[in-house]
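Given next, in C-alpha cells, is a single chain: the form predicted on its own.
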C-alpha cells in the first residue's frame, strides 16, 4: 500500500508555533529551513518533514528518526538503515504532499497549483508528440498541468529528477518508460485548483488523507 498525506499551507503559523514545531526537528533540518527567505517556502519545508515523520509512524513505528536521514545520488533523501522504506515530498503554493510505502521501490509525487500558463515558454520540456497534443487541446491549461505533474512524478520516482531531460520522457502512454524502466502513474485528486500525480513501478492500493496541523505531533 502507498499512503499519500497532504496538508494546506496557505496561512502563516504564528512565530511561537513555528518555533515550537521547528524544535521538534533535528538541528540540521532546522538550519536548512531557515535558509529560505519566503515564509511560504520555510513553512512548506517544515510541513513536509512533519508529514514524513507522521507517515513513517503510520507505516512502521520502528522506522528511524529524521535525524538519520541521508542524501544519496542526485540529492535524493533516504533512510540508510531502512532501504525498503521510500518516500517523496512535493509542495506548491498552498499545499504540501508526502507519499510513502514499504517494499514498493522508489516513489515520485508532484503537485502544482493550476494557474495561467504560456504554453510556448515550456516547449523545450515536452516531446514533439506531447506538445502537439497540448496545442490541439480544448483545455490547454488543465492538460498542461496534468501532463507536467505526470512527467515530474516519474522523474522523481526514477531518482535523478531534473538531471534527466524532461523532453526525453514521453508521458502520454499509460506506462511511462525511462531508460528501460517503466512506471505506472495515478492522478491524485487532492483539492480543487490543484493537479497532482503519483508514480511508482507498480501502483497497488493507494490511500489519500488530508491531515490537519493538530495531527502532526
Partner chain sequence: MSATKPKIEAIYPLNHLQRALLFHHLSSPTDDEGLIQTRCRLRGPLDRDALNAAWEKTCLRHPPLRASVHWEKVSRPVWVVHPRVEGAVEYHDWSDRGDTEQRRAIADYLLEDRRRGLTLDKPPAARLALVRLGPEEHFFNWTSHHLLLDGWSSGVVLRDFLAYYAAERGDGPGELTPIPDLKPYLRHVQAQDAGARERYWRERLSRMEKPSLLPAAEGEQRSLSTTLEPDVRDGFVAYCKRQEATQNAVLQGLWAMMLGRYLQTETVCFGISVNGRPPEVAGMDGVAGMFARILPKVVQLGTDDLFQRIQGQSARDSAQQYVELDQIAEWSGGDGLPFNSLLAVQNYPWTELAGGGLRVAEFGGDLTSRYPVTCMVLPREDWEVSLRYREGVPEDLARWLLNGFLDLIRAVAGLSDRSLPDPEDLPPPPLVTTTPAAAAQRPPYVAPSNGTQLRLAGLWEQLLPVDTVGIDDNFFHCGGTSLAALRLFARLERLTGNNIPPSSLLLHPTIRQLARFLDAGEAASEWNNLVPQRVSGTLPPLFCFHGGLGYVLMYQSLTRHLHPQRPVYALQPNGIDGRSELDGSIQEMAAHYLAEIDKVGAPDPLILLSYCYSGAICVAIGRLLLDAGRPAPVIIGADIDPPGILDQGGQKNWRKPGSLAWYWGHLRLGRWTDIQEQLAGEVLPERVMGENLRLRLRARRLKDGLVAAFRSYRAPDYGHPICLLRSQELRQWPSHSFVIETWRRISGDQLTIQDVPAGHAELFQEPAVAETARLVESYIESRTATATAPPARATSDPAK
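Keep in mind the model is a prediction, meaning the values are calculated, not measured. Positions refer to the first chain, counted from 1.
As for the form predicted together with its partner chain, it is not shown, yet the points below apply to it.
Asks: Counting only non-hydrogen atoms, choose the one of 135-143, 122-130, 94-102, 80-88 that falls within 4.5 Å of its partner chain in the predicted bound form.
Replies: Contact-bearing stretch, as computed: 122-130.
Asks: Taking 15, 18 and 34 as the candidate spot, are all three within 4.5 angstroms of its partner chain in the predicted bound form by heavy atoms?
Replies: Checked in the predicted bound form: all three residues contact its partner chain.
Asks: Is the gap between residue 41 and its partner chain in the predicted bound form 4.5 Å or less for some heavy atom pair?
Replies: Output for residue 41 is yes: heavy atoms within 4.5 Å of its partner chain.
Asks: Give a yes or no for residue 65: in the predicted bound form, does one of its heavy atoms lie within 4.5 Å of a heavy atom belonging to its partner chain?
Replies: No, no contact at 4.5 Å.
Asks: Would you classify residue 174 as touching its partner chain in the predicted bound form, given a 4.5 Å non-hydrogen atom cut-off?
Replies: No, residue 174 sits far enough from its partner chain in the predicted bound form that none of its heavy atoms falls within 4.5 Å.
Asks: Considering only heavy atoms, tell me if residue 186 and its partner chain come within 4.5 Å of each other in the predicted bound form.
Replies: Looking in the predicted bound form, residue contacts with its partner chain do not include residue 186, since no heavy atom lies within 4.5 Å.
Asks: Enumerate the residues of 146-161 that have a non-hydrogen atom within 4.5 Å of its partner chain in the predicted bound form, in sequence order, or give none.
Replies: Counting only heavy atoms within 4.5 Å of its partner chain in the predicted bound form, the contacting residues of 146-161 are 148, 152, 160.
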